[in-house]
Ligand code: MLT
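Let's start with one chain on its own, the form predicted alone, as structure tokens.
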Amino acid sequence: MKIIVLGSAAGGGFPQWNCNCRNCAGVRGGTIAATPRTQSSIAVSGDGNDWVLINASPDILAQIRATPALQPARAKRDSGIAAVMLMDAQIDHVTGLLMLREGKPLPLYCTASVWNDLNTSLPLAPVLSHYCGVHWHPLHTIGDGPGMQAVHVPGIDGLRFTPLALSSKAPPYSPHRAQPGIGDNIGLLIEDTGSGKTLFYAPGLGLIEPQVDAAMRRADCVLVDGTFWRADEMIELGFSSKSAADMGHLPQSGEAGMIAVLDSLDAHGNARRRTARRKILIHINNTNPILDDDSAQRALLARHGIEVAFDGMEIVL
């Protein structure tokens, strides 16, 4: 299984267009050791030729230009993107669909909750019907719990995608924002059925529920929410009145933060693993000090064996 990180930043990218925090000003002025990043998205393939695009960010055209594998040029009009799978209906994860309008009908995998938002409050599907069109493949829940049915994507041989419903909220524009439901946000366990290697991907993760813990312990690579360093990061900087938890994100620091969660994966059962589990943070907000390569926070992550995703990062499992 091959994974390419197309974009590694949270909504707004890095630097954010209107932000003058230490990180954004520093990367513009060259006063900190940091690399610009586009908004989060990954591509996954079993053979290196045909790919599932997971989330379509507003930066998708720049990401495709930077990733030759997504433009194999096998025909006059061609793309390595065989399908798109959505984790949620957040603007920074879906508006790139509009940039893919010149192609063939777009196979789109998402939950009914996400599909409803894309046909009503943010009507991208009706708009695309006047261009390439969208062929919806629903991601189904199993009963009333968080379990969801595994899917195989045609043309993506050897990979199985198992969604996991996460406790989170629909986007701010959604009419059911205040009434969260199963399918508003998902994680993905992606398995190479030949090798048995697995990736767990969850760029928006605010709570470590049993199904999430089990998926993370099973995975050979955990690629998860790295949005904020501190729970009160946006409040402390004067950018918002909301905490990380209010926005549906688990910060890295703190007794129950992401560092502690990722450490716990190695503390139980890792002796039976043949290879070390990779632990990588993605969806990093422009305010997070880990974007500074020379920061104390970045050094702390390294001591815990935690990597920070960057645009163009390649992972092979």
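Values in this document were obtained by computation on a predicted structure and should not be read as measured data. The first residue of the shown sequence is 1; numbering continues from there.
One more form of this protein exists, namely the form predicted in complex with this ligand; it is left out here, but the text below deals with it.
**Close approach of D117 to this ligand in the predicted bound form, 4.5 Å, heavy atom** = Close contact is absent here: in the predicted bound form, D117 is far from this ligand, nothing within 4.5 Å, heavy atoms only.
**Message:** Just checking whether H249 would be counted as a contact of this ligand in the predicted bound form - the rule being heavy atoms within 4.5 angstroms.
**Reply:** Residue-level check for H249: yes, a contact with this ligand.
**Request:** Look up in the predicted bound form whether A10 has a non-hydrogen atom within 4.5 angstroms of this ligand, and give yes or no.
**Result:** Yes, A10 sits close enough to this ligand in the predicted bound form that at least one of its heavy atoms falls within 4.5 Å.
**Message:** Although the partner isn't part of this model, could you tell me whether D92 comes within 4.5 Å of this ligand in the predicted bound form, counting any heavy atom of the residue?
**Reply:** Within the cut-off, so yes.
**Prompt:** Looking at 241 to 249, 72 to 80, 131 to 139, 153 to 161, which one sits within 4.5 Å of this ligand in the predicted bound form if you count heavy atoms only?
**Reply:** Answer to the contact question: 241 to 249.
**Request:** Could you list which residues of 279 to 313 come within 4.5 Å of this ligand in the predicted bound form, counting heavy atoms only?
**Result:** Going through 279 to 313 in order - heavy atoms within 4.5 Å of this ligand in the predicted bound form - there is one hit, H283.
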